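Presented as structure tokens, the chain that follows is alone, the form predicted on its own.
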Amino acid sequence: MEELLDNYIRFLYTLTPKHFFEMFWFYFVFEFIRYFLLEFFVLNLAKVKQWVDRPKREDARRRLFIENPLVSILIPGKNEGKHIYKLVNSLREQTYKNIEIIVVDDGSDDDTPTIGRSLENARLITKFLRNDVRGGKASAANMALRFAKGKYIIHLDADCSYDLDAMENILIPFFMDENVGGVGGNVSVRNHKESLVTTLQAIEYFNTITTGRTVTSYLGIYRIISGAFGAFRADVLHQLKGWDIGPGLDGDITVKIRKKGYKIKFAQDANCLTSVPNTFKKLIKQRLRWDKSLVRFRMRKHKDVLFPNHSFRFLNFISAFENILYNVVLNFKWYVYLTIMLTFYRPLFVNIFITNVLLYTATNYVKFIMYSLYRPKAHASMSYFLVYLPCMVFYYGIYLRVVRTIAYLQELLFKKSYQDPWNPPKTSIHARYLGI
């Protein structure tokens, strides 16, 4: 250990600026500029805009309550009986009251039908619907949409919980800009102390959702409304004929709305708590599905946004291009960087690896502390996460990168998303036939 430390200190002393950049160009060119400098700059602009827009926002809130439109809350799911009553009870305590609640049971084999019908009979929900044979989440959501009467549609996951003003806050952007077609809520991790993997996901959600979506929303390239908490204009959803077959239906519906010429906004103060996978094995299963959907929908189904056509829009191009570049292209580019380091700098590889870990860890600490100032509400103590930040280098840089690589290769080479058990086989067969 002492010898390793001595070697590393000598390595640092002999580094020239030229050699430093040669060895760590991937970090500076692709990571530091995009995920620190640009994000920090845009977060400050967003903060200023938020302050400037306060009168406009208060006027939008006032007009929301004056108009008091009916809002349809759709809750599709399978085997969610244990969550439904608690969710419904919390929805009835929301600051925004003019809602109808439609629960769809997608072929559950637990006590969901009994609970759902009892809630309907007690008039605690507006309507309970059931697919006797599972059709998938898109099928359940579209069934609820057919019965929805509201001017706005809010799609929720049954196992999530919401701040009392969450529904109000996710509706306000529609009244600030009439061209907004969809709004995404701010999703945080509820079970962040359950295990190491849930803690790491909590930090990830803070970076990619609370921070990342604030940035992309400000830039006009926000690209995914989470299925856990998303709001839509009902007329827009009906234009699109609802959700297409997933997985990846959240990102898919967002792109479809953007292609129709509507804006997508992120409501940072519309807070939702969700429970995330509590083991690395479960997380792999989830992320393989998520990452395969990027290839299936971004690179195949909606590849038209990348090329000039009659409906081409620059922001849609940037949204898709940035997503594919940073998540797919640079994911594989990292292996090129690794190969170069192992080929041309093999004797120094250990020192290069240590320096990369230190660079990324230092950046993570600075980002986490600085960006905490921009977080509207802390559901967990920020100090709790500081101990775990060094693990994020390995979580982001190795674990998730390997999972992404496997998912991309599976989908690019074999279209494995059509075999995902997340959807019923008959649904995936039909989706493949339709090319969606």
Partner chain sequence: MKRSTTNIGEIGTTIEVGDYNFLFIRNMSATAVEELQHHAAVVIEAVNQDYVRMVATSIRANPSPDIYLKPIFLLKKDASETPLIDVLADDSVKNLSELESLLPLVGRIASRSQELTFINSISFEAQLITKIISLLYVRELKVIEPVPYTYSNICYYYPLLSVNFDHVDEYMALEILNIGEEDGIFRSEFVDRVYLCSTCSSGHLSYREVCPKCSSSDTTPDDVIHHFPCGYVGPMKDFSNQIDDKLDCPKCNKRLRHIGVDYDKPSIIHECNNCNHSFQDFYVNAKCLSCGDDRSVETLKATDIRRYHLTKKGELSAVKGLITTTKDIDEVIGTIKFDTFKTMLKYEIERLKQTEGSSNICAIHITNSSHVYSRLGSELQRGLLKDLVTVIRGNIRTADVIAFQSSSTIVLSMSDLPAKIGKRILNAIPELLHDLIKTRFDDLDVHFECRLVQLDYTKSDEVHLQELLEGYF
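As the structure is a computational prediction, the values presented were derived from the model and not from experiment. Numbering follows the first chain given and starts at 1.
The discussion below concerns the form predicted in complex with the partner chain, not included here.
Chemist: Here the chain is shown alone; which of Ala158, Leu294, Leu91, Met143 has a heavy atom within 4.5 Å of the partner chain in the model of the complex?
Modeler: Looking at the other structure, the residue within range turns out to be Met143.
Chemist: Can you pick the one in Gly81, Pro277, Pro173, Gly242 that has a heavy atom within 4.5 Å of the partner chain in the model of the complex?
Modeler: Checking each option against the partner chain in the model of the complex, the one that comes within 4.5 Å is Gly242.
Chemist: Would you please decide whether Arg346 lies within 4.5 angstroms of the partner chain in the model of the complex, comparing each non-hydrogen atom pair?
Modeler: Result no; Arg346 lies far from the partner chain in the model of the complex.
Chemist: Taking any heavy atom pair closer than or equal to 4.5 Å as contact, tell me whether Arg130 reaches the partner chain in the model of the complex.
Modeler: Arg130: contacts the partner chain in the model of the complex.
Chemist: Taking 4.5 angstroms as the cut-off for heavy atoms, does Leu434 touch the partner chain in the model of the complex?
Modeler: Although the partner chain is absent here, Leu434 would touch it in the model of the complex, with heavy atoms inside 4.5 Å.
Chemist: In the model of the complex, is there a heavy atom of the partner chain that lies within 4.5 Å of any heavy atom of Gly135, even though the partner is absent here?
Modeler: Contact with the partner chain, yes.
Chemist: Just one of 72 to 80, 309 to 317, 175 to 183, 244 to 252 has heavy atoms within 4.5 Å of the partner chain in the model of the complex; which?
Modeler: Among the listed stretches, the partner-contacting one is 244 to 252.
Chemist: What residues of 412 to 436, in sequence order, lie within 4.5 Å of the partner chain in the model of the complex by heavy atom?
Modeler: Residues within 4.5 Å: Lys426, Thr427, His430, Leu434, Ile436.
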